[in-house]
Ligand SMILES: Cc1cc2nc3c(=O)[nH]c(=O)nc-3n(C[C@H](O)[C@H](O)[C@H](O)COP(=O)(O)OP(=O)(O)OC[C@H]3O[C@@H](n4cnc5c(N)ncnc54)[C@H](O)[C@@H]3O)c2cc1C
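Okay, here we've got a single chain as structure tokens, the form predicted alone, with questions on binding and movement later.
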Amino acid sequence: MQAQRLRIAIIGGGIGGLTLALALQQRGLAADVYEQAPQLTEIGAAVALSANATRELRRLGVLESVAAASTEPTELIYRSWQDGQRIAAHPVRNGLRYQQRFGAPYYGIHRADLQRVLSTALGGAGLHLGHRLHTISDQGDAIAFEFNNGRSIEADLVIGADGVRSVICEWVTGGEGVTYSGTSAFRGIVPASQLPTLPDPQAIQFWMGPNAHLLHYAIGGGGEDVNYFAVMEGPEAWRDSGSMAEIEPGRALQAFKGWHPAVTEMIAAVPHHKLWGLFVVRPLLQWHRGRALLLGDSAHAMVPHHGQGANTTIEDAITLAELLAGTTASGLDAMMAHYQSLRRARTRKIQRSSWATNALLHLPDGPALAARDRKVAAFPEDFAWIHEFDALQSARSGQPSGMALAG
């Protein structure tokens, strides 16, 4: 059986599933994407795309459409929680410094806009909505699925791109790998015109304070909206079965009482009824079982403090598509092992670094702040390895640390 005739099923029609389907299509391979939602929409969330992802979106031919719906931040700014002092700042769009250093742009975009761009480029080929996975059955040289709508399929390879609470991950690992991080968040999108006290609204900014931080950046083609993500320590245990919990009115604002007016103004502009628990996937020894393989959050969900969840997912998709392009059915086991070897160490390193950053962002006032301030001032040097990474070059070279910036 030739690679072109492999029956490839992707569970999940989010950023990872759509990027993989598009990358496979570009390489002459077909895949079916099964998404549980009846419509391909994601509401109320945005994503930051760094160079390690935008260079791949350029190769897929969609970067121009992504750019039209995005804002490139002027700077990356770290601020003090109470007085708003600029602790450190690094140019991004200003002077084109970021693009010159990393070979691709940095964008803020609404998740729904990114999904729209990817699905439009895919042209609807092989996209099946309203398919919630019910059961999985290993057939040896194939894998069978049954969906809640009664449909059954078989595939030579299934890729679990179904997020942090992945059904495929649970099947691969024999148990649920998701764990609560001990932190939670509020999120919102506010028109920039409603934030009169916000300094540098076109920048990506971290406001850092005791046991909490707020990140925000502009989104939309003209930077007309500001997306924010406000993170705090606790609750100590997550008692709800899902990732969201109902909260009483005023809880979000109370968590940031005494913070700079720009922060409280932003939080007050959105009615908050839900608290998001931040969940991660424990480092997995194995990313595949039988003919099932994991991608994105299903394999390495992380706290979002480096903004790398979507970016590493796009890296996974490009790596997997490139490896599949040269694989026959008899070579699937070796291909999956190779994919894991290319992706596991890097994503684990980013997971660990993201968690360490949580403590850095949530320091109480005191003598430890001086070391923190030096750390955020050195951000471009300390974390260049994340942004300069070239997933396609890594897949082609067979080296997980490949850093070449091929065009």
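Position 1 is the first residue in the sequence shown; the rest follow in order. Keep in mind the model is a prediction, meaning the values are calculated, not measured.
Below, we refer to the form predicted in complex with the named molecule, which is not included among the displayed structures.
Of the residues given (Lys274, Arg282, Arg101, Arg132), Arg132 alone sits with a heavy atom within 4.5 Å of the named molecule in the predicted bound form. Scanning Gly84, Pro235, Gly307, Gly331 against the named molecule in the predicted bound form with a 4.5 Å heavy atom cut-off leaves one residue, Gly307. Comment: 156-164 is the region of 118-126, 194-202, 156-164, 90-98 lying near the named molecule in the predicted bound form, near meaning a non-hydrogen atom within 4.5 Å.
Although the partner is absent here, Ala21 is not a contact residue: none of its heavy atoms lies within 4.5 angstroms of the named molecule in the predicted bound form. Contact annotation for Ala9: none of its heavy atoms lies within 4.5 Å of the named molecule in the predicted bound form. Put simply, Arg289 is far from the named molecule in the predicted bound form: not one heavy atom of it is within 4.5 Å. Interface membership of Ile15, defined by any non-hydrogen atom within 4.5 Å of the named molecule in the predicted bound form, is confirmed. For the partner-free chain shown, Val47, Ala48 of 47-73 come within 4.5 angstroms of the named molecule in the predicted bound form, judged by any non-hydrogen atom.
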